[in-house]
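Let's start with one chain on its own, the form predicted alone, as C-alpha cells.
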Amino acid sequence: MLSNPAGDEKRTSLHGHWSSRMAFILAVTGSAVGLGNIWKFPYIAGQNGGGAFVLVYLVCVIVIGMPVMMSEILIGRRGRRNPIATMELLGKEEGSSGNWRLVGSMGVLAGILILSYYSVIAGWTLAYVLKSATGVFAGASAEAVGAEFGGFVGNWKAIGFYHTLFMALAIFVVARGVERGLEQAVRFMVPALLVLMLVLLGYSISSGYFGQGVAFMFTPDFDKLTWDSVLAALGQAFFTLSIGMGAIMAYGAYLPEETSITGASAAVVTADTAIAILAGLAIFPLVFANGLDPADGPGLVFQTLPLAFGQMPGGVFFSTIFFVLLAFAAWTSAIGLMEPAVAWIVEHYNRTRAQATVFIGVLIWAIGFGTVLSFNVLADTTFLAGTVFDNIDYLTSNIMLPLGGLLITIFAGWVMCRNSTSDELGSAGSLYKAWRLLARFVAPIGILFVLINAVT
C-alpha cells in the first residue's frame, strides 16, 4: 500500500526526480513557453490597448495563473504519480472519491490532442529553418513569400514529413527519462532560447524602429481596453502557463521535497512573461521597419516576418536564428505535453519508458495527420467548428483546458484539507493564506468567465 505523505515516510516517483530547483524551473518554463508566447502575446497586447492590456494580463497571471499553477504542482508532488493515478489516490485519501481520476484523464487526453496539432505547426518551424538558411526569403516579394507558404501547407507530404521529424525529436528526449532526457534537454534549450531571443532583440534595436515597437506594445490606450480585452488577457494568462493539461502536475511529481512550490511558481511565471515581452520587443520593430502590418496574427510568423527578414541586412542569418528559436520553444513544450501520458503507460501497464514513449508518440503522430490534411486534402471537409484541426483546437483550448484548470483548483482549494496543502506549500503564513483565498474563490470565478465566454 502506498505510504501517506503526511506520515513518516514520503512517496517517491517511479521516474526519478529533478536534480535541482533550477532544473524544475527550466523544465516548467520550457513547457510553458511555446509558439503562442513568441507571436500571440505581442499581437494581442498591441491590439488591445498596449500597456493597458499588459497591466491587466499581469494581474491575471498573479491572481489566477499563479494559484492554478501552484495547485497543480502541489497535487503532483503530493501524489508522486501520473496525473490519473495521482487524482484518484488523493481523492480517496482526502475522503472524497476516486472518480477525481477523470480530471487527470482529461488532462492526459488534452495533452495528446494538443500535441497532435502542435507538432504539425512545430514542423513548419523546422521547414522554415531550412528555407531561411538556404536564402529562400532573401529579397523575396510579399507575393513570393505568400506563395511559398501556400505551396508548403498545400503539400500534405511535405508537412507530413516535418510533422514526423518533429515527433521523432520529442520521442527521443522523453524516452531518455527525467534526468537524462527531460532535464538535459531543458538545461540546454531554455537558456539557448533566451540567448537567441536576446540576439534578435539586439538586431531589432539596430533597426531604427525600436521605439515604435515599444510604443505599440506598451503605450496605454484604455479606449481599446474592452471587456473582451480583459477576457483575452485572462485566457492568455491561463493558457500561456500550460496549466490544466497535466504537464505541470507530472513535472510536479518529480519535484524534490525541499523545493519551495511558491518560489518555483513565481520564477516560472516571471520567466514566461519576460520571454513573451522580449518576443514583442524583438518582433515588432522589424515589422515596422519594413512597413508591414503588425495585425497579421497567425500569418505574422510564417509570412510577415520572413518578408521582413528578407529585406534587411543579415536577414538570412537572423531569419534562421528566429526559426531555430521557435523550434526550440515548440520542442520544450512538446516534451511536457507527452510526459503525462507516458508516465501513465509506464505505471499502469508496467512498460519500459522507451516502449511507453514510442507507443504514445506514434499515437499522437497518427492523430496529427488529421491536422496535416486539414490544410490541403481535407480543407473543404468541415463539421461543427470547421476542419479536423479546428475541432481539436476548439475542444482542447476552449473546453478541456479551462475545465481541467477549474477542477484542479477546486480540488486543491476545497477537497484537499488545510494540513495537506500547507504541508506541500511549506507555509501557514500570509503566502499560504493568499494562495488559499485565490485558489478557493478568485481563480475559479476567473476561469469560469473564460469557460463561459468560450462556449457562448
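Only a predicted model underlies this, so the values are computations on that prediction, with no experimental measurement involved. Each residue number is its position in the shown sequence, starting from 1. Rigid core: the largest C-alpha set superposing within 1.5 Å between the two forms.
The protein also exists as the form predicted together with 4-fluoro-L-phenylalanine; that form is not presented, and the subsequent description refers to it.
- Contact with 4-fluoro-L-phenylalanine in the model of the complex, judged as any non-hydrogen atom within 4.5 angstroms, is confined among 143-151, 336-344, 215-223, 125-133 to 336-344.
- Here the marked residues 31, 34 and 37 all reach 4-fluoro-L-phenylalanine in the model of the complex, each with a heavy atom within 4.5 angstroms.
- In summary, among the residues 288, 318, 239, 302, the only one with a non-hydrogen atom within 4.5 Å of 4-fluoro-L-phenylalanine in the model of the complex is 239.
- Put simply, of 328, 118, 162, 365 only one has a heavy atom within 4.5 Å of 4-fluoro-L-phenylalanine in the model of the complex, and it is 118.
- For residue 247, a non-hydrogen atom is located within 4.5 Å of 4-fluoro-L-phenylalanine in the model of the complex, even though that partner is not displayed.
- Residue 276 shows a C-alpha shift of 2 Å or greater between the shown form and the other one [criterion: core-superposed Cα displacement of 2 Å].
- With the core held fixed, the Cα of residue 189 is displaced between the shown form and the other one by 2 Å or more.
- After superposition on the rigid core, displacement of the C-alpha of residue 411 between the shown form and the other one stays below 2 Å.
- In the model of the complex, the Cα atoms of residue 116 and residue 236 sit 3 Å or more nearer to each other than they do here.
- In the model of the complex, the CA atoms of residue 189 and residue 355 move farther apart by at least 3 angstroms compared with the shown structure.
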